[in-house]
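Below you'll find only one chain, the form predicted on its own, shown as C-alpha coordinates.
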(Lines give C-alpha, C1' and ligand atoms only; values in the text may rest on other atoms or scores of the structure.)
Protein backbone atom coordinates (compact mmCIF):
# COMPACT_ATOMS: atom_id res chain seq x y z
CA UNK A 1 0.00 0.00 0.00
CA UNK A 2 1.29 3.46 -0.90
CA UNK A 3 1.74 5.88 1.97
CA UNK A 4 2.10 9.62 2.46
CA UNK A 5 3.73 11.46 5.32
CA UNK A 6 1.37 13.39 7.56
CA UNK A 7 1.81 14.79 11.04
CA UNK A 8 -0.15 17.05 13.31
CA UNK A 9 1.87 18.88 15.92
CA UNK A 10 -0.20 21.67 17.39
CA UNK A 11 -1.82 22.75 20.61
CA UNK A 12 -5.49 21.85 20.83
CA UNK A 13 -7.97 23.16 23.40
CA UNK A 14 -9.14 21.06 26.33
CA UNK A 15 -12.85 21.81 26.08
CA UNK A 16 -13.96 19.81 29.13
CA UNK A 17 -12.83 17.74 32.08
CA UNK A 18 -14.79 15.17 34.07
CA UNK A 19 -14.50 12.28 36.45
CA UNK A 20 -15.76 9.91 33.77
CA UNK A 21 -15.78 10.17 29.98
CA UNK A 22 -18.03 7.74 28.10
CA UNK A 23 -17.38 7.52 24.36
CA UNK A 24 -20.38 6.28 22.39
CA UNK A 25 -24.10 6.85 22.88
CA UNK A 26 -25.71 3.46 22.20
CA UNK A 27 -27.27 1.03 24.71
CA UNK A 28 -23.91 0.44 26.39
CA UNK A 29 -23.13 4.14 26.48
CA UNK A 30 -26.44 5.19 27.98
CA UNK A 31 -26.10 2.47 30.63
CA UNK A 32 -22.58 3.68 31.47
CA UNK A 33 -23.31 7.39 31.52
CA UNK A 34 -26.55 7.17 33.51
CA UNK A 35 -25.08 4.90 36.18
CA UNK A 36 -21.91 6.96 36.43
CA UNK A 37 -23.86 10.16 36.95
CA UNK A 38 -26.22 8.55 39.44
CA UNK A 39 -23.16 7.43 41.39
CA UNK A 40 -22.24 11.08 41.78
CA UNK A 41 -19.45 11.36 39.22
CA UNK A 42 -19.21 14.29 36.83
CA UNK A 43 -19.90 12.49 33.56
CA UNK A 44 -19.52 13.41 29.90
CA UNK A 45 -20.85 11.30 27.04
CA UNK A 46 -19.26 12.06 23.66
CA UNK A 47 -21.18 10.83 20.61
CA UNK A 48 -20.08 11.00 16.96
CA UNK A 49 -23.59 11.65 15.61
CA UNK A 50 -26.19 14.30 16.44
CA UNK A 51 -28.28 12.10 18.70
CA UNK A 52 -28.01 8.98 20.82
CA UNK A 53 -29.07 5.49 19.86
CA UNK A 54 -26.12 3.47 18.58
CA UNK A 55 -27.22 0.32 16.79
CA UNK A 56 -30.79 0.77 18.03
CA UNK A 57 -31.06 4.03 16.07
CA UNK A 58 -28.40 4.03 13.36
CA UNK A 59 -28.64 0.30 12.69
CA UNK A 60 -32.44 0.48 13.05
CA UNK A 61 -32.47 -2.77 15.03
CA UNK A 62 -35.74 -4.19 16.31
CA UNK A 63 -36.95 -6.02 18.31
CA UNK A 64 -34.96 -6.15 21.52
CA UNK A 65 -33.84 -9.75 21.90
CA UNK A 66 -35.13 -11.22 25.16
CA UNK A 67 -32.68 -11.69 28.00
CA UNK A 68 -35.37 -12.69 30.49
CA UNK A 69 -35.56 -15.02 33.48
CA UNK A 70 -38.54 -17.11 34.64
CA UNK A 71 -38.39 -19.49 37.60
CA UNK A 72 -40.82 -21.82 35.82
CA UNK A 73 -39.02 -21.51 32.50
CA UNK A 74 -42.02 -19.90 30.75
CA UNK A 75 -41.37 -16.72 28.79
CA UNK A 76 -44.83 -15.36 29.59
CA UNK A 77 -43.89 -15.35 33.30
CA UNK A 78 -40.41 -13.90 32.78
CA UNK A 79 -38.79 -10.66 33.86
CA UNK A 80 -35.89 -8.80 32.32
CA UNK A 81 -32.49 -9.53 33.84
CA UNK A 82 -31.28 -6.17 32.55
CA UNK A 83 -32.14 -3.63 35.22
CA UNK A 84 -32.44 -0.79 35.98
CA UNK A 85 -31.30 1.30 32.99
CA UNK A 86 -32.58 -0.99 30.22
CA UNK A 87 -36.07 -1.35 31.71
CA UNK A 88 -36.29 2.39 32.39
CA UNK A 89 -35.18 3.06 28.82
CA UNK A 90 -37.93 0.90 27.34
CA UNK A 91 -40.58 2.42 29.58
CA UNK A 92 -39.50 5.91 28.58
CA UNK A 93 -39.60 4.95 24.90
CA UNK A 94 -43.17 3.63 25.30
CA UNK A 95 -44.20 6.90 26.95
CA UNK A 96 -43.72 8.65 23.60
CA UNK A 97 -46.39 6.42 22.02
CA UNK A 98 -50.12 7.15 22.14
CA UNK A 99 -51.91 5.11 24.79
CA UNK A 100 -53.44 2.69 22.30
CA UNK A 101 -49.99 1.63 21.05
CA UNK A 102 -48.29 1.28 24.43
CA UNK A 103 -47.75 -2.36 25.46
CA UNK A 104 -49.96 -3.75 28.18
CA UNK A 105 -48.44 -5.18 31.35
CA UNK A 106 -49.43 -8.69 30.21
CA UNK A 107 -47.96 -8.23 26.74
CA UNK A 108 -44.82 -10.33 27.19
CA UNK A 109 -44.54 -12.61 24.17
CA UNK A 110 -41.19 -12.42 22.41
CA UNK A 111 -42.45 -10.74 19.24
CA UNK A 112 -45.00 -8.50 20.94
CA UNK A 113 -45.00 -4.72 21.10
CA UNK A 114 -43.12 -4.91 24.39
CA UNK A 115 -39.87 -5.61 22.50
CA UNK A 116 -40.34 -3.44 19.42
CA UNK A 117 -37.86 -0.57 19.04
CA UNK A 118 -38.56 2.74 17.35
CA UNK A 119 -35.19 4.14 16.25
CA UNK A 120 -36.41 7.69 16.82
CA UNK A 121 -38.18 7.20 20.13
CA UNK A 122 -35.35 5.16 21.67
CA UNK A 123 -32.98 8.01 20.83
CA UNK A 124 -35.23 10.49 22.64
CA UNK A 125 -35.54 8.11 25.59
CA UNK A 126 -31.77 7.71 25.88
CA UNK A 127 -31.28 11.45 25.86
CA UNK A 128 -33.98 11.87 28.50
CA UNK A 129 -32.34 9.42 30.90
CA UNK A 130 -28.92 11.02 30.45
CA UNK A 131 -30.11 14.58 30.95
CA UNK A 132 -32.18 13.65 33.98
CA UNK A 133 -29.16 11.96 35.54
CA UNK A 134 -26.99 15.03 34.97
CA UNK A 135 -24.85 13.71 32.12
CA UNK A 136 -23.24 16.32 29.84
CA UNK A 137 -23.88 15.33 26.23
CA UNK A 138 -21.40 16.33 23.53
CA UNK A 139 -22.73 15.58 20.03
CA UNK A 140 -20.76 15.53 16.77
CA UNK A 141 -17.57 14.54 18.60
CA UNK A 142 -15.71 11.91 16.54
CA UNK A 143 -12.93 10.13 18.40
CA UNK A 144 -9.57 10.22 16.60
CA UNK A 145 -6.81 9.70 19.20
CA UNK A 146 -5.98 9.17 22.86
CA UNK A 147 -2.97 10.03 24.98
CA UNK A 148 -1.71 7.26 27.27
CA UNK A 149 0.94 7.62 29.96
CA UNK A 150 1.95 4.97 32.47
CA UNK A 151 -0.92 2.67 31.43
CA UNK A 152 -3.52 5.40 31.92
CA UNK A 153 -5.48 7.37 29.36
CA UNK A 154 -4.89 11.06 30.05
CA UNK A 155 -7.25 12.56 27.50
CA UNK A 156 -9.16 11.71 24.34
CA UNK A 157 -8.96 13.75 21.14
CA UNK A 158 -12.01 14.38 18.97
CA UNK A 159 -12.58 15.99 15.60
CA UNK A 160 -15.43 18.49 15.66
CA UNK A 161 -16.74 21.41 13.62
CA UNK A 162 -14.39 23.51 15.74
CA UNK A 163 -11.41 21.38 14.72
CA UNK A 164 -9.51 19.08 17.07
CA UNK A 165 -10.38 19.26 20.77
CA UNK A 166 -9.47 17.23 23.85
CA UNK A 167 -11.43 15.99 26.87
CA UNK A 168 -9.66 14.95 30.08
CA UNK A 169 -11.06 12.45 32.56
CA UNK A 170 -9.99 10.31 35.48
CA UNK A 171 -11.58 7.14 34.12
CA UNK A 172 -12.88 6.24 30.68
CA UNK A 173 -15.59 3.95 29.27
CA UNK A 174 -15.36 2.61 25.72
CA UNK A 175 -18.94 2.32 24.48
CA UNK A 176 -18.09 2.72 20.80
CA UNK A 177 -19.31 -0.77 19.91
CA UNK A 178 -16.17 -1.48 17.89
CA UNK A 179 -13.72 -0.95 20.75
CA UNK A 180 -12.27 2.13 19.05
CA UNK A 181 -11.16 3.89 22.24
CA UNK A 182 -9.44 0.77 23.55
CA UNK A 183 -7.72 0.10 20.23
CA UNK A 184 -6.43 3.67 20.00
CA UNK A 185 -5.08 3.27 23.55
CA UNK A 186 -3.08 0.23 22.43
CA UNK A 187 -5.24 -2.50 23.95
CA UNK A 188 -5.00 -6.01 22.54
CA UNK A 189 -8.12 -7.40 20.92
CA UNK A 190 -9.47 -10.46 19.13
CA UNK A 191 -11.28 -10.34 15.81
CA UNK A 192 -13.42 -12.94 14.06
CA UNK A 193 -13.73 -16.69 14.46
CA UNK A 194 -10.86 -19.15 14.77
CA UNK A 195 -11.64 -21.02 11.55
CA UNK A 196 -11.76 -18.12 9.08
CA UNK A 197 -10.79 -14.95 10.96
CA UNK A 198 -14.16 -13.55 9.95
CA UNK A 199 -16.81 -11.80 12.02
CA UNK A 200 -20.53 -12.41 11.79
CA UNK A 201 -22.06 -10.79 8.69
CA UNK A 202 -23.42 -7.27 8.63
CA UNK A 203 -27.08 -6.51 7.93
CA UNK A 204 -28.77 -3.42 6.55
CA UNK A 205 -32.22 -3.24 8.15
CA UNK A 206 -35.24 -1.56 6.59
CA UNK A 207 -39.01 -1.24 7.02
CA UNK A 208 -41.83 -1.39 4.48
CA UNK A 209 -45.24 0.18 4.93
CA UNK A 210 -48.58 -0.22 3.10
CA UNK A 211 -48.37 -4.00 3.49
CA UNK A 212 -51.66 -5.93 3.43
CA UNK A 213 -51.19 -8.19 6.44
CA UNK A 214 -54.40 -10.12 5.73
CA UNK A 215 -52.95 -11.50 2.50
CA UNK A 216 -49.54 -12.48 3.86
CA UNK A 217 -48.57 -16.15 3.90
CA UNK A 218 -45.18 -16.61 5.55
CA UNK A 219 -44.64 -20.16 4.30
CA UNK A 220 -45.43 -19.13 0.72
CA UNK A 221 -43.09 -16.14 1.08
CA UNK A 222 -40.22 -18.40 2.11
CA UNK A 223 -40.86 -20.69 -0.85
CA UNK A 224 -40.88 -17.75 -3.25
CA UNK A 225 -37.69 -16.40 -1.67
CA UNK A 226 -35.78 -19.65 -2.16
CA UNK A 227 -36.99 -19.80 -5.77
CA UNK A 228 -35.88 -16.22 -6.47
CA UNK A 229 -32.57 -16.95 -4.77
CA UNK A 230 -32.01 -20.10 -6.85
CA UNK A 231 -32.81 -18.17 -10.06
CA UNK A 232 -30.36 -15.40 -9.17
CA UNK A 233 -32.91 -12.63 -8.71
CA UNK A 234 -32.05 -12.45 -5.01
CA UNK A 235 -28.30 -12.54 -4.33
CA UNK A 236 -28.48 -12.45 -0.55
CA UNK A 237 -27.00 -15.65 0.96
CA UNK A 238 -29.32 -15.72 3.97
CA UNK A 239 -31.38 -18.92 4.21
CA UNK A 240 -34.75 -17.24 4.80
CA UNK A 241 -36.60 -13.95 5.06
CA UNK A 242 -36.37 -12.61 8.61
CA UNK A 243 -38.98 -9.99 9.38
CA UNK A 244 -40.83 -8.62 12.39
CA UNK A 245 -43.99 -6.64 13.05
CA UNK A 246 -44.07 -3.04 14.19
CA UNK A 247 -46.37 -0.74 16.17
CA UNK A 248 -48.44 -0.13 13.02
CA UNK A 249 -50.08 -3.21 11.52
CA UNK A 250 -49.14 -2.35 7.93
CA UNK A 251 -45.41 -1.87 8.66
CA UNK A 252 -42.88 -4.72 8.71
CA UNK A 253 -39.23 -4.67 9.67
CA UNK A 254 -36.70 -6.68 7.63
CA UNK A 255 -33.49 -7.98 9.19
CA UNK A 256 -32.68 -10.02 6.11
CA UNK A 257 -29.78 -8.67 4.07
CA UNK A 258 -26.50 -10.50 4.68
CA UNK A 259 -23.17 -8.87 3.82
CA UNK A 260 -20.35 -11.39 4.11
CA UNK A 261 -16.60 -11.11 4.47
CA UNK A 262 -16.39 -7.39 5.23
CA UNK A 263 -14.56 -5.92 8.21
CA UNK A 264 -16.28 -3.24 10.28
CA UNK A 265 -12.89 -1.79 11.24
CA UNK A 266 -11.55 -1.47 7.69
CA UNK A 267 -12.63 1.86 6.17
CA UNK A 268 -12.89 0.69 2.57
CA UNK A 269 -14.58 -2.61 3.42
CA UNK A 270 -17.13 -0.90 5.65
CA UNK A 271 -17.97 1.51 2.84
CA UNK A 272 -18.35 -1.42 0.46
CA UNK A 273 -20.64 -3.13 2.98
CA UNK A 274 -22.99 -0.13 2.95
CA UNK A 275 -23.26 -0.30 -0.84
CA UNK A 276 -23.80 -4.06 -0.82
CA UNK A 277 -26.47 -3.84 1.90
CA UNK A 278 -28.48 -1.28 -0.05
CA UNK A 279 -28.04 -3.26 -3.29
CA UNK A 280 -29.56 -6.30 -1.59
CA UNK A 281 -32.35 -4.15 -0.13
CA UNK A 282 -33.32 -2.91 -3.59
CA UNK A 283 -33.54 -6.51 -4.79
CA UNK A 284 -35.75 -7.47 -1.84
CA UNK A 285 -38.13 -4.55 -2.34
CA UNK A 286 -38.52 -5.20 -6.08
CA UNK A 287 -39.04 -8.92 -5.50
CA UNK A 288 -41.59 -8.43 -2.72
CA UNK A 289 -43.67 -6.01 -4.77
CA UNK A 290 -43.56 -8.17 -7.88
CA UNK A 291 -44.11 -11.65 -6.44
CA UNK A 292 -45.23 -11.78 -2.81
CA UNK A 293 -48.94 -11.43 -1.96
CA UNK A 294 -49.67 -8.48 0.30
CA UNK A 295 -46.61 -6.49 -0.75
CA UNK A 296 -47.83 -5.19 -4.12
CA UNK A 297 -48.13 -1.61 -2.81
CA UNK A 298 -45.30 -1.69 -0.28
CA UNK A 299 -43.46 1.57 0.33
CA UNK A 300 -39.99 1.98 1.83
CA UNK A 301 -40.93 3.39 5.22
CA UNK A 302 -37.39 3.75 6.58
CA UNK A 303 -33.88 2.44 6.10
CA UNK A 304 -31.07 2.19 8.61
CA UNK A 305 -28.70 5.18 8.31
CA UNK A 306 -25.81 2.71 8.45
CA UNK A 307 -25.33 -1.01 8.19
CA UNK A 308 -25.76 -3.03 11.37
CA UNK A 309 -22.61 -4.52 12.90
CA UNK A 310 -22.93 -7.75 14.87
CA UNK A 311 -19.26 -8.22 15.66
CA UNK A 312 -15.90 -6.51 15.33
CA UNK A 313 -13.17 -6.10 17.96
CA UNK A 314 -13.36 -7.97 21.26
CA UNK A 315 -11.09 -6.20 23.74
CA UNK A 316 -8.93 -8.44 25.91
CA UNK A 317 -9.76 -8.00 29.55
CA UNK A 318 -8.61 -9.38 32.88
CA UNK A 319 -11.05 -12.26 32.56
CA UNK A 320 -12.25 -14.20 29.52
CA UNK A 321 -15.37 -16.26 28.79
CA UNK A 322 -15.90 -18.96 26.16
CA UNK A 323 -18.73 -21.19 24.97
CA UNK A 324 -17.89 -23.54 27.84
CA UNK A 325 -19.07 -20.87 30.26
CA UNK A 326 -22.38 -20.80 28.42
CA UNK A 327 -22.66 -24.59 28.57
CA UNK A 328 -21.71 -24.72 32.27
CA UNK A 329 -23.95 -21.72 33.16
CA UNK A 330 -20.89 -20.24 34.88
CA UNK A 331 -21.42 -18.05 37.95
CA UNK A 332 -18.97 -15.60 39.54
CA UNK A 333 -18.82 -13.82 42.88
CA UNK A 334 -17.94 -10.60 41.05
CA UNK A 335 -20.60 -10.96 38.32
CA UNK A 336 -21.83 -7.66 36.87
CA UNK A 337 -24.45 -8.99 34.41
CA UNK A 338 -26.47 -12.11 33.63
CA UNK A 339 -27.41 -13.52 30.26
CA UNK A 340 -29.39 -16.40 28.76
CA UNK A 341 -29.79 -15.18 25.19
CA UNK A 342 -28.76 -18.02 22.81
CA UNK A 343 -25.42 -18.32 21.10
CA UNK A 344 -26.80 -16.97 17.82
CA UNK A 345 -24.24 -17.18 15.02
CA UNK A 346 -25.10 -16.04 11.51
CA UNK A 347 -22.84 -17.92 9.14
CA UNK A 348 -19.64 -16.03 8.35
CA UNK A 349 -19.36 -17.69 4.92
CA UNK A 350 -22.89 -18.07 3.52
CA UNK A 351 -26.28 -19.49 4.47
CA UNK A 352 -27.24 -20.77 7.88
CA UNK A 353 -27.76 -19.52 11.42
CA UNK A 354 -26.74 -21.72 14.34
CA UNK A 355 -28.24 -21.61 17.84
CA UNK A 356 -27.20 -22.99 21.20
CA UNK A 357 -29.93 -22.31 23.71
CA UNK A 358 -30.74 -22.56 27.39
CA UNK A 359 -33.96 -22.48 29.38
CA UNK A 360 -35.48 -19.29 30.75
CA UNK A 361 -34.78 -20.48 34.31
CA UNK A 362 -31.05 -20.65 33.55
CA UNK A 363 -28.33 -18.08 32.88
CA UNK A 364 -24.59 -17.53 32.92
CA UNK A 365 -22.85 -14.55 34.49
CA UNK A 366 -20.28 -12.08 33.18
CA UNK A 367 -17.51 -11.31 35.70
CA UNK A 368 -16.10 -7.85 36.29
CA UNK A 369 -12.76 -8.78 34.71
CA UNK A 370 -14.40 -9.17 31.30
CA UNK A 371 -15.11 -5.43 31.17
CA UNK A 372 -11.76 -4.23 32.56
CA UNK A 373 -9.15 -3.63 29.86
CA UNK A 374 -6.04 -5.76 30.36
CA UNK A 375 -3.60 -3.18 28.98
CA UNK A 376 -4.93 0.16 30.27
CA UNK A 377 -5.72 0.71 33.94
CA UNK A 378 -8.44 3.39 33.82
CA UNK A 379 -10.57 1.92 31.03
CA UNK A 380 -13.70 -0.22 31.21
CA UNK A 381 -15.65 -1.56 28.25
CA UNK A 382 -19.36 -0.78 28.00
CA UNK A 383 -21.38 -2.75 25.45
CA UNK A 384 -20.64 -5.65 23.12
CA UNK A 385 -16.82 -5.70 22.59
CA UNK A 386 -16.02 -7.29 25.97
CA UNK A 387 -13.44 -10.00 26.69
CA UNK A 388 -15.17 -13.14 25.38
CA UNK A 389 -14.72 -15.63 22.56
CA UNK A 390 -16.40 -15.37 19.15
CA UNK A 391 -19.02 -17.93 20.25
CA UNK A 392 -19.86 -16.39 23.63
CA UNK A 393 -19.97 -12.94 22.01
CA UNK A 394 -22.83 -14.24 19.86
CA UNK A 395 -24.88 -14.44 23.06
CA UNK A 396 -23.72 -11.38 25.02
CA UNK A 397 -23.70 -8.96 22.04
CA UNK A 398 -27.43 -8.13 21.93
CA UNK A 399 -28.69 -4.79 23.20
CA UNK A 400 -30.24 -5.59 26.63
CA UNK A 401 -27.12 -7.25 28.13
CA UNK A 402 -24.98 -4.66 26.35
CA UNK A 403 -26.85 -2.02 28.35
CA UNK A 404 -26.20 -3.94 31.57
CA UNK A 405 -22.52 -4.32 30.75
CA UNK A 406 -22.46 -0.58 30.11
CA UNK A 407 -24.04 0.30 33.44
CA UNK A 408 -21.42 -1.84 35.21
CA UNK A 409 -18.60 -0.13 33.28
CA UNK A 410 -19.99 3.29 34.18
CA UNK A 411 -20.56 2.61 37.85
CA UNK A 412 -17.05 1.17 38.17
CA UNK A 413 -15.54 4.25 36.53
CA UNK A 414 -17.48 6.50 38.90
CA UNK A 415 -16.56 4.49 42.00
CA UNK A 416 -12.89 4.55 41.03
CA UNK A 417 -12.93 8.28 40.36
CA UNK A 418 -14.46 8.94 43.77
CA UNK A 419 -11.72 6.87 45.43
CA UNK A 420 -8.97 8.53 43.41
CA UNK A 421 -7.92 5.26 41.78
CA UNK A 422 -8.21 3.55 38.41
CA UNK A 423 -11.16 1.27 37.63
CA UNK A 424 -8.80 -1.72 37.41
CA UNK A 425 -7.96 -1.31 41.11
CA UNK A 426 -11.52 -1.96 42.22
CA UNK A 427 -12.67 -5.28 43.59
CA UNK A 428 -15.33 -6.72 41.32
CA UNK A 429 -17.37 -7.84 44.35
CA UNK A 430 -17.53 -4.20 45.45
CA UNK A 431 -18.84 -3.16 42.03
CA UNK A 432 -21.43 -5.94 42.09
CA UNK A 433 -22.61 -4.84 45.54
CA UNK A 434 -23.08 -1.25 44.36
CA UNK A 435 -24.92 -2.41 41.23
CA UNK A 436 -27.36 -4.36 43.38
CA UNK A 437 -27.91 -1.29 45.58
CA UNK A 438 -28.71 0.69 42.40
CA UNK A 439 -31.32 -1.85 41.26
CA UNK A 440 -29.39 -4.36 39.15
CA UNK A 441 -30.78 -7.92 39.04
CA UNK A 442 -27.82 -9.83 40.41
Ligand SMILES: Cc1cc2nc3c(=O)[nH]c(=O)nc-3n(C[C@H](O)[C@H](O)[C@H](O)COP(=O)(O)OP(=O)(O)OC[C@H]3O[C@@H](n4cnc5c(N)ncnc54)[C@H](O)[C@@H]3O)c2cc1C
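Positions refer to the first chain, counted from 1. Predicted model only: the values in this text are computed from it and were never measured.
Another form exists, predicted in complex with the named molecule; not displayed. Remarks below refer to it.
In the predicted bound form, at least one heavy atom of residue 308 sits within 4.5 Å of the named molecule. In the predicted bound form, the named molecule lies farther than 4.5 Å from every heavy atom of residue 277. Of the heavy atoms in residue 70, none are within 4.5 Å of the named molecule in the predicted bound form. In the predicted bound form, the named molecule sits within 4.5 Å of a heavy atom of residue 55. Heavy atoms within 4.5 Å of the named molecule in the predicted bound form are found in exactly one of 35-43, 369-377, 412-420, 55-63, that being 55-63. The contact residue chosen from 255, 118, 78, 229 relative to the named molecule in the predicted bound form is 255, the criterion being a non-hydrogen atom within 4.5 angstroms.
Contacts with the named molecule in the predicted bound form, taken as any heavy atom within 4.5 Å, map within 13-39 to 23, 24, 25, 26, 27, 28, 29.
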